[in-house]
Ligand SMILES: C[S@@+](CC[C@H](N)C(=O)[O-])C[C@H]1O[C@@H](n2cnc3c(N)ncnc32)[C@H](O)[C@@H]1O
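Just one chain follows, in the form predicted alone, and it is written as structure tokens.
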Amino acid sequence: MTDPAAQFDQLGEVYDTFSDSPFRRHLEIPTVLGALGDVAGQTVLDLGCGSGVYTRQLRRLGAARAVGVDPMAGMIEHARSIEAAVPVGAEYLAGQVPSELDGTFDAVLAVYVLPYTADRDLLADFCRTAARALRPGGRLVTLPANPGLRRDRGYYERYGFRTYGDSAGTDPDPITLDLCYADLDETISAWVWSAAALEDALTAAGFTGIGWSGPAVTRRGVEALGEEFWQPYLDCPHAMTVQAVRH
């Protein structure tokens, strides 16, 4: 089948625009970085880095080395152009994680990568790649789609996106995602894995201590938009945070 990641090759600027949304600034990014914890002095791999939003943030937070890897050359080209304009010391590689980096990372971050693993082979490959990159005891933080996400088109619209599509009763289950923040109008195909399938794949790759957690909104986000704005998302997030440790 066609690599589902190919739909992102020309979306670098789109992702940077969406990164400025209140949803990402006040909820998603703080939640992810909170799960990752203190990265000062650590080596961190941003697996499926896209436009490099998190890779750059990791360096700003004191990571000794932050490497972004993405299969899409267009995304990496965009990330490198930002690094050239405003250097922070982030590194970007197009393609797969090179073997010489195996076992060199303290942590692997993979934001919105699992929703684009469209079959069990791709899921297993992602889990093995993350495990291979980590030192023993290294941590994985990743965001899969919430198996219980809402599929009614307007539920998440206030946060800058829509998720919809009838369930096919498969694992993974296909879903459509629209980005609709500001002037964005992009449609992306994604997949929702069951918790059991995700945990089985992570365990098979050598991960232990698998845990799930939901999002949290910052105090500043509540002050700016009110609790009522955020509550529907907190009640039923479209993505969850999964943490695991390489055995």
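One-based numbering along the sequence shown. No experiment lies behind these values; they were computed from the predicted model shown.
Keep in mind that the form predicted in complex with the ligand is not shown, yet the notes after this line are about it.
Asker: Only one of 131-139, 81-89, 144-152, 116-124 gets a heavy atom within 4.5 Å of the ligand in the model of the complex; which is it?
Answerer: Only one stretch passes the 4.5 Å heavy-atom test: 116-124.
Asker: Tell me, out of Ala63, Leu47, Leu36, Val192, which residue has a non-hydrogen atom within 4.5 angstroms of the ligand in the model of the complex.
Answerer: For this set of options, the contacting one is Leu47.
Asker: Go through Pro71, Gly160, Pro174, Gly103 and name the one with a heavy atom inside 4.5 Å of the ligand in the model of the complex.
Answerer: So the residue touching the ligand in the model of the complex, by this definition, is Pro71.
Asker: Although the ligand is absent from this view, report whether Tyr112 comes within 4.5 Å of it in the model of the complex, heavy atoms only.
Answerer: Looking in the model of the complex, residue contacts with the ligand include Tyr112, since a heavy atom lies within 4.5 Å.
Asker: May I ask you to state whether Tyr15 is within 4.5 Å of the ligand in the model of the complex, using heavy atom distances?
Answerer: Yes, Tyr15 is a contact residue.
Asker: Using a 4.5 angstroms cut-off on non-hydrogen atoms, would Arg24 count as touching the ligand in the model of the complex?
Answerer: Arg24 belongs to the contact set for the ligand.
Asker: Taking the ligand as it sits in the model of the complex, is Met75 in contact with it (heavy atom to heavy atom, 4.5 Å or less)?
Answerer: Close contact exists here: in the model of the complex, Met75 approaches the ligand to within 4.5 Å, heavy atoms only.
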